[in-house]
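Have a look below at one chain only, the form predicted alone, in C-alpha cells format.
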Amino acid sequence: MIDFTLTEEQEMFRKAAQEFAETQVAPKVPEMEETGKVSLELVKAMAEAEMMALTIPEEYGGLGLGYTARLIALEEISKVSVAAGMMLQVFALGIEPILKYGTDAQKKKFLPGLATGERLASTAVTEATGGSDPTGIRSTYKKDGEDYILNGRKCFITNAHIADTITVLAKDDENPKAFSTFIMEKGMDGFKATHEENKVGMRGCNTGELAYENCRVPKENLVGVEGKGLGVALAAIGDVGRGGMVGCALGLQAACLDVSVKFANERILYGKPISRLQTIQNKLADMKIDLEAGRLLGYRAASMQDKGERSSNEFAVAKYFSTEAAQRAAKMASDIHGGYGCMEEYAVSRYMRDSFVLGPSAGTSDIMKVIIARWTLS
C-alpha cells in the first residue's frame, strides 16, 4: 500500500511551523525587503524554535525529525518568506557533510552548537570558474605537516557573512583530480567573508564571497577521506541542497495561489468577481495542478531519504519541476493582479523577484535535465 498522508506528528509539526512563520517570520519581511540585510532577530528565533535541529540526531542535541519534517518547515516558512526559507535550507546544507561524513569527534564538536544555533552553517563549492562543473574550481589545498593550507575564493555563497562553520571544497595543489572537503571556522587566520551580493530577490538572505589566503586548517577538520571530497560535497547538494530548494519553491507556489484566489474573489470586473472568468480560473487551475504535482514529487523524495534510500535523482526531478513551476506561478499571480501586480506594496511583486533566484540555486534547471537524462539512460 502507498500512503500519501502525513503522520499525526508531522501534521502537528506543520501547524507549529505555520504558526512560527506567521508570528516570527512575517513581521521581519518588510525590514528585510527594505534593507536587504539578514534579520539576526529572525535567526535567533529560528534557533529558539529548534529549526536548525530538525535533521540532527537527538544524541547530538537535535530533534531527529528527519527530512520530511525539514521539507514541511521550509514550505511553511517560504510561504511567508522565501528569503527566510533559503537561509534555513542552507543551514541544513552546511550541516549535512558533517552529519553524514564527519568523524565522531567532529560530530561531537560541531553538531550540538549547530543544533542550537550557537553555530551557523553553510557550504562553499561555487566559484567563478566552477559551479555547475565543480571540477572547474581553482581553490587549492596542500599538506603542511599535520595541517592543510588552503588558498582560493568562493562566490554566490548563501549565509557567507553570518555562517561560522562552513564546509569548503578544494582540490589538491599537486593533483588537480583529487578533491577534499574541509570544515572552515570563522576566525581562522586568512579566512574571511568579502563582497556581499545585492540580489534581485530573496532580500534578507545573505549571499556573498569568501576568501582564504594561506589559511591553515588542522587535519581534524578534514571531512571524509582526503582526495574523495567531491562526493562529500555533491552528495550534500544533491540530496539536501536540492531538497531544500523544493521546499522553498513549494512555499512560493502556495503563496502565489493563496493571494491569487483572494484577489480574484475580491476584484470586480464586468459586475462580478474576476474569479468567475474562465481565463482566470484556468490560471488558478494550472497553479493548483503544479503545486499538487510538486508536493508529490518532493515529499516522495524526502520520504525515500528518511528511509535511507538514495534520492538524488528523485530530488533532481522535484527540484526542476517545482522551481520552474514557482516561476510560472509568480508570472500567473502577477497576471491575475493586473496593474496591482507591478506595485511593490503587493506581495506578488516580491514573489516574482524571489522566483528568479530559485532556478539557479543548488543547480540550474539545465543541469537538472542533465542529471535526469543520465538517470533515464542508465
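In this text, residue numbers run from 1 along the sequence as written. Not measured: the values here are computed from a predicted model.
Just so you know, the form predicted in complex with a small molecule exists too; it's not on screen, but the next bit is about it.
(request) Name the single residue among Ala254, Val125, Leu111, Ile280 that comes within 4.5 Å of the small molecule in the predicted complex, judging by heavy atoms. (result) Selected option: Val125.
(request) Could you tell me which stretch in 72-80, 157-165, 218-226, 185-193 has residues with non-hydrogen atoms within 4.5 Å of the small molecule in the predicted complex? (result) After filtering at 4.5 Å, what remains is 157-165.
(message) Please tell me whether any heavy atom belonging to Pro273 falls inside 4.5 Å of a heavy atom of the small molecule, as the geometry stands in the predicted complex.
(response) Flag for Pro273 set to no.
(message) With a cut-off of 4.5 Å between heavy atoms, is Met287 one of the residues that contacts the small molecule in the predicted complex?
(response) So Met287 does not count as contacting the small molecule.
(request) Would you check, heavy atoms only and a 4.5 Å threshold, whether Lys199 touches the small molecule in the predicted complex? (result) Yes.
(message) Can you tell me if Ala362 lies within 4.5 angstroms of the small molecule in the predicted complex, counting non-hydrogen atoms only?
(response) Looking in the predicted complex, residue contacts with the small molecule include Ala362, since a heavy atom lies within 4.5 Å.
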